[in-house]
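Below, in structure tokens: the form predicted alone, a single chain.
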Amino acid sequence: MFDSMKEGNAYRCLINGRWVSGRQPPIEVIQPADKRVLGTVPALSKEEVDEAFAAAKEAQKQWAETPVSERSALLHEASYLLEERAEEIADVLSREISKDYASSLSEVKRTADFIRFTADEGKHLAGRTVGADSFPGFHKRRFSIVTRVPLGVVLAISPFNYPVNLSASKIAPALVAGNSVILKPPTSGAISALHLAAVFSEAGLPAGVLNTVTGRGSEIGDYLVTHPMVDFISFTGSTAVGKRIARQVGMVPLLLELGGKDAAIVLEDADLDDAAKDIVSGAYSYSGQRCTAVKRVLVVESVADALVEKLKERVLALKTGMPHEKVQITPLISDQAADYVQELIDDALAKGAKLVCGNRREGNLLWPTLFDFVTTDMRLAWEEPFGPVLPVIRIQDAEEGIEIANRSEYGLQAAVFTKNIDLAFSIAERLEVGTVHINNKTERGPDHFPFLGVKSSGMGTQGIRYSIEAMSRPKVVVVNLEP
């Protein structure tokens, strides 16, 4: 199955049930850890993009008529195939985006679970009947039948950091709802995403229902999102690109998962050992290249010294190296990404922050870095580094913590560490974010939980049921009975 998707290390795109190489010179996918070429992916032209959309548009008509039980069964088959090939795909994933192998394998297995639960949830979205007699002036012999119907062609644009999971989190809900899909993965992560597409194809998905498009964003990016056949766009990526898409698409519905500057507020009565464990885990997992990573600590002055020491101990215990080694910190996705993180580090140092540990670099490999005494005039207090660096900002009380947290342009998640549950809920109500974690790190959480951001962190709500609903709409038929 995987052999048909490539020749040597030249991978192909799935369009209308066939694996095609593209008519232009391909794009090299570079392994971040050693800068070697992992393979190439097609650089599709606008004409080839048109072919993919035409196939998706035509195939969606019959797919929408397919009973949801059959759509669900196909997704179950895809989940089984993905689980069978988990180790093989995890190896590719680890090399392609420099994610440690254990985390890569976990991503693939979690994705299989996601597809399986999505298949089951899709069968539960039944229609309903709404009577008219509850509204004044209308007789009970009029009623409406409300069902859910697919939107049509879903454009799914996934990011590099979870190219399998965050591709499937768009594909599976769209398919079970009766849509067809155009998947545009990132260049770094494209090969892993193509493996996922091959799994769906082998599971028996009809030709044209899932198509993949790879290429240079400068050539086809705007063309994709403004294509007249797009009925819905699900995008995960940077806030800048998300805002650009929102400005371009007009009336096309969107589901946007964007950046974050997730704060962990630590109060004086918190269990500092537990807080330090959760914060370090949340901040440095996959080298901090997660939108839900803890990206700043707002700690009350009276316990700041003690917390910083506990954080330092755990940060120094993190192992740094290559993704095939048993390490927690691996090279960032590119030299440019590492350069940006270094800019934030250098700015903090120049403005007087205290370097607790870290600030060592070899190419795009950055050692985990911890800062204390970061102030709000430093870029690190506000900008999302997407790397292994964590600033500690000292505050006087919970009020100041809330104020600094809410001053951010982002509103994805936050964490509150305290033994006072009433105070925790009070703070949670006032934080301008999509999700607040009490006595735990910020994280995605179970896939059936709602997942959303506010302000510059996103638009719409994800999570298995929520995503299916976002990719479908109510259809109402009103029945008037004879008097």
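Keep in mind that this is a model prediction, so the values were computed, not measured. For every residue, the number given is its place in the sequence shown, counted from 1.
FYI, the form predicted in complex with a small molecule isn't displayed, but the following is about it.
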property	result
Exercise: residue 238 in contact with the small molecule in the model of the complex, heavy atom 4.5 Å	yes
is_contact(residue 178, the small molecule) in the model of the complex, heavy atom dist at most 4.5 Å	no
Partner contact for residue 257 in the model of the complex: the small molecule, 4.5 angstroms, heavy atom	yes
4.5 Å heavy atom contact, residue 216 to the small molecule in the model of the complex	yes
Within 4.5 Å of the small molecule in the model of the complex, all of 166, 187 and 291 (non-hydrogen atom)	yes
The unique member of 152, 358, 159, 253 whose heavy atoms fall within 4.5 Å of the small molecule in the model of the complex	159
Candidate from 142, 244, 324, 407 lying within 4.5 Å of the small molecule in the model of the complex - any heavy atom	244
One stretch from 73 to 81, 339 to 347, 112 to 120, 384 to 392 that, in the model of the complex, holds residues within 4.5 Å of the small molecule by heavy atom	384 to 392
